[in-house]
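Form predicted on its own, single chain, as structure tokens, below.
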């Protein structure tokens, strides 16, 4: 049994447009030293998948810089390895905008040539706005044994008013087959089994579905494929019981990042034996803490200089916090410079931001104050 992976890097860029103006969702920084794609990539590599196609759309220069040749994930191979799959547009296409995909199904139709050249038995599909550490080998094994056309990984989550309507809810029968699929339903507050958008499907089955979608002009994988197969009792559910989070907005990115300050969450993501979360390795000097520096319940990457006070915050590489400055509930991305005697609360800074002396900036957990890349305040 052989498996190829497909990761969709741009499908949800609009959900967090503040951070995806100059990068894809896949390359959004997360957790001091990672990018969002690291979780999907690591899940596949840890499950023995050594050929992964990354479906791109636009703004993927930072993604290319991060992935390189894939050596940090043991995917620098002559056969298999990392495959970057940009949209296929010929010189004779008069309207390029109409050729760029907007859904998962359209993205797969656009890379149909790659899928047709694959010889693997199964295909694993994954988005990169999800954060989890899952053993995909178990999902693939269940799919193979069940004989279903499609297996979807589900997770029981409590949905609030804000969450309702943003998920596909999949109910299953006693034998684990999907019985009902609800899309964008707003009256689903409470605990519901949601789709994690991780799928396993036989390659030949996927090829047939893509041909049918192309012939009939289908656009939505959920509505035109998942829902139709579920009605025929051809979709098997795999319930995931580990830590799972998703990034659906800037506030969602903030709250999900802040969950990492909980040791139990970190253990559920990074403490699983034989399933490390891999990322691009950088060599940086240790963080320097000067006299008078105070750090409490925070995650701080290498290469930082802390002269002030950091509380309940996440600092990426190369961040400088000046004397007399107090940082609370903040996420400071790489090479952010904070001057002296500043006060920051619920602030997210993108890379290379400079905040001058004496500045007082504050947002709220539900609406963090965001400063774009390279800005000076």
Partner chain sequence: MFRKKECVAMLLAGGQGSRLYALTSKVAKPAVQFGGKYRIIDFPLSNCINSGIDTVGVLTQYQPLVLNEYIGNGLPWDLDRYFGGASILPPYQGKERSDWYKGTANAIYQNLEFIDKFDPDYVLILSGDHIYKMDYSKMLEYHKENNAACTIAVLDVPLEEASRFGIMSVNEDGSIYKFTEKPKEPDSTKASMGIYIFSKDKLFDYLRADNKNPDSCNDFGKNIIPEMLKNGERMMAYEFSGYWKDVGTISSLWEANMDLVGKNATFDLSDEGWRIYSRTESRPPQFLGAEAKVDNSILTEGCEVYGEVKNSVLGSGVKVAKGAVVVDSVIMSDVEIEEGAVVNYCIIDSYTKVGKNAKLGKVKDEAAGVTVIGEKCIVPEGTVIGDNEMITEI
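Quantities reported herein were computed from a predicted structural model and do not represent experimental measurements. Residue numbers count along the first chain shown, from 1.
FYI, the form predicted in complex with its partner chain isn't displayed, but the following is about it.
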Please identify the residue among 191, 214, 285, 84 with any heavy atom within 4.5 Å of its partner chain in the predicted complex. 285
Could you tell me which one of 144, 302, 162, 239 places a heavy atom within 4.5 Å of its partner chain in the predicted complex? 302
For its partner chain in the predicted complex, the stretch among 274 to 282, 226 to 234, 144 to 152, 197 to 205 with residues bearing a heavy atom within 4.5 Å is 274 to 282
Look up in the predicted complex whether residue 298 has a non-hydrogen atom within 4.5 angstroms of its partner chain, and give yes or no. yes
Would you please decide whether residue 290 lies within 4.5 angstroms of its partner chain in the predicted complex, comparing each non-hydrogen atom pair? yes
Does any part of residue 71 reach within 4.5 Å of its partner chain in the predicted complex? Heavy atoms only, please. yes
4.5 Å heavy atom contact, residue 66 to its partner chain in the predicted complex: no
Would you give me the residues of 252 to 266 that have any heavy atom within 4.5 Å of its partner chain in the predicted complex, in order from first to last? 261, 266
